[in-house]
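Take a look at this single chain, the form predicted alone, given in structure tokens.
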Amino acid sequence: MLITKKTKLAEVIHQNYHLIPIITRFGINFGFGDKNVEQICEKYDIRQDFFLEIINAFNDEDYSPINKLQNLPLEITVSYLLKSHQYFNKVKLPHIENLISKLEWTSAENKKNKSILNKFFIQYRKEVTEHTLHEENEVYPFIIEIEKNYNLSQNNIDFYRLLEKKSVIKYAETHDELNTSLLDLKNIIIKYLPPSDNIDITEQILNEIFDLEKDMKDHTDIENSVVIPVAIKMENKLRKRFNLK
């Protein structure tokens, strides 16, 4: 189902409940009645074309928002990515950690399993925190400055000095994905840990990890296919304007 501006938002959720965290990420609250996407976006002052590209991309794996997103201001996409960071760090990861704490093993030999799994997860959560903080404090602000100066008619000497020291290209070369650690975490549970006494909690953890993995992949795809390429093009043109290599 292609979601359009005339699609009722309630129908979107009935069609695919996995879109709930994506919708709430835009600051949209429940109780929206029979309002359609156009009406909701107007109410919450959300750019409609951006919302439709994101929601359709998450709803349909075959839908590619790349070309349209590349033509939208980077500031809009970066703002969405920042909200995704908040969701990962303040909602999804704490929820998974809480579920892990509820795992139980009767056997004394297996009671150490929770400690092993928890230790691995804490390390993964630390990696996510460090990664997102680096983007929030260093990468995203620099990208916004690139777009801002790209749209200026006159050269900014302060930005010229910044451009002498930094480059989005360097970030792109070292941009690592966090999904490898998530794969390791899934395999620990699926392949190596003895079954817990409360298998329902194990199932919940795996479902949450699979959801997080897909969300993280889509997040990374937007960075690698939209934000970074557009920022690099702008940076290269600015370097020519400033006569920088």
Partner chain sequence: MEKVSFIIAEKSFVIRTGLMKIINSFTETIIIKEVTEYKTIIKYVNKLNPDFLIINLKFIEDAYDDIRKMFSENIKTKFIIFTGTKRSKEHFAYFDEQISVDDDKTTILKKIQVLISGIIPYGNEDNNELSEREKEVVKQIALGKTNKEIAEELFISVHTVITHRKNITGKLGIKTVSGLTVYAILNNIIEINEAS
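Numbering follows the first chain given and starts at 1. Keep in mind that this is a model prediction, so the values were computed, not measured.
We do not show the form predicted together with its partner chain, though everything after this point is about it.
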Any chance F120 has a heavy atom within 4.5 Å of its partner chain in the model of the complex? yes
Please tell me whether any heavy atom belonging to I188 falls inside 4.5 Å of a heavy atom of its partner chain, as the geometry stands in the model of the complex. yes
Are any of the heavy atoms in I28 no more than 4.5 Å from a heavy atom of its partner chain in the model of the complex? no
Does N98 reach its partner chain in the model of the complex if we count a contact as any heavy atom within 4.5 Å? no
Within 4.5 Å of its partner chain in the model of the complex, do S115, D184 and P194 each have at least one heavy atom? yes
From the candidate stretches 107-115, 160-168, 89-97, 142-150, select the single one in contact with its partner chain in the model of the complex, where contact means a heavy atom within 4.5 Å. 107-115
As a check of understanding, the residue in T180, N207, N198, S64 with any heavy atom within 4.5 Å of its partner chain in the model of the complex should be identified as T180
Which residues in 3-34 have a heavy atom within 4.5 Å of its partner chain in the model of the complex? none
